[in-house]
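Here's a solo chain for you in structure tokens, the form predicted on its own.
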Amino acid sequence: MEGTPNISGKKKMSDNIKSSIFLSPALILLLIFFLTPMLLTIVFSFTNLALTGSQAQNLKFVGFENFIQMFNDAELYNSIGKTLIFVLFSAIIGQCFLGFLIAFLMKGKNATFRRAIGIAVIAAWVTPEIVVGFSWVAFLGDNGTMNSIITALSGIEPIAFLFEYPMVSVVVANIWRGTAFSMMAFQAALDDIPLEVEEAAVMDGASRWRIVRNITIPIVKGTITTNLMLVTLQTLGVFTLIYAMTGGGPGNATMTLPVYMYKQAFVSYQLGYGTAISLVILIIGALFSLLYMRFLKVKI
């Protein structure tokens, strides 16, 4: 009996070693493809790294010079504003609300109906972002499907949506593409709510709105928080869709931070300055996450 604790301790240590061995490939990949680029981004943001010119051959540490230049750049503040507008209407109001609405309306419906709606919504989500971008350019173009429908029904001249309403265009396109993720997350959460709870509320005379407000939303609050964070962080990094549709224009009408960062790093060839801008995106994402956690009072 005296040796039992030692045997138990050795077995536990052996299990930990086996677990570490099995997890090591994933940890190595995480280190190589996630942590290392993140650390390099931080390091390069304090350098004069460039793709062309004398700076490309003379890499040196410049301290906070990139950040001083960045915060004196009026275009940065314009990009931050455009990014916040894009995230607010595309992710928070658009994808999350519409995803919850579709999932709520599908609850309790027959399997065939849910499968058909699910396939239609998910088809947009699995389509590559560049394909979605060009599809919406074709749809909203002067000779596109939308203008053809408008002209056929009302006879008015074609509307240059991508020129007159560029931000609305990219927001709608991103909502169309990204709503499926929110729908699936909320659908799984809503299906886990016991029917007995809602039936009891109905018997007590609660309206549909009161059931949603006082029962459904509090139960799925954790899913709402998680979904908001994931969708917000994903939307903060949207680049291909916007660049394919508008290129950040016309002018700077859709110049979000990822587009601005790309143009500084790969059009102006200032990689050091571009990586400094990427840290701003990271900070905004962290602030959004903390805001959701505090607002919805979900424990981290």
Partner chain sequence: MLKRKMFVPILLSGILLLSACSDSDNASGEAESEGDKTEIKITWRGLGDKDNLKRYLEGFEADFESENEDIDIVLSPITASEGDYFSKVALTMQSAETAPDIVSEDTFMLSADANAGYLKPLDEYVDSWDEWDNFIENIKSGTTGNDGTIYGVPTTTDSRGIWYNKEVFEAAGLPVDWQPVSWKDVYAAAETIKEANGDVVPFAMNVAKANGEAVSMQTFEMLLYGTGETLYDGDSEKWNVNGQGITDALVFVDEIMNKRDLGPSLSIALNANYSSVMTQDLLPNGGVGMVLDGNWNIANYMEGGAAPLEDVEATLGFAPFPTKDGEEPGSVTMAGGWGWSIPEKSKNHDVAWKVIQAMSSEEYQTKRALTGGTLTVRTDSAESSDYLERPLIEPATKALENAHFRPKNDLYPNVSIEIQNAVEAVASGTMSPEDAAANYKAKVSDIVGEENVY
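Positions refer to the first chain, counted from 1. Bear in mind that the values here come from a model prediction, so they are computed numbers and not experimental data. Each form is matched to the other, and the largest set of C-alpha atoms that superpose within 1.5 Å is called the rigid core.
The form predicted in complex with its partner chain exists for this protein as well; it is not shown, and the discussion that follows is about that form.
Although the partner is absent from this view, Q270 contacts its partner chain in the predicted complex, with a non-hydrogen atom inside 4.5 angstroms. In the predicted complex, its partner chain sits beyond 4.5 Å of every heavy atom of I85. Looking at L51, you'd find a heavy atom of it within 4.5 angstroms of its partner chain in the predicted complex. At a distance threshold of 4.5 angstroms between non-hydrogen atoms, M255 is in contact with its partner chain in the predicted complex.
Note that among 206-214, 221-229, 179-187, 156-164, the stretch whose heavy atoms approach its partner chain to within 4.5 Å in the predicted complex is 156-164.
Heavy atoms closer than or equal to 4.5 Å to its partner chain in the predicted complex belong, across 230-258, to the residues Y243, G249, P250, G251, N252, M255, ordered by sequence position.
After superposition on the rigid core, displacement of the C-alpha of L287 between this form and the one not shown stays below 2 Å.
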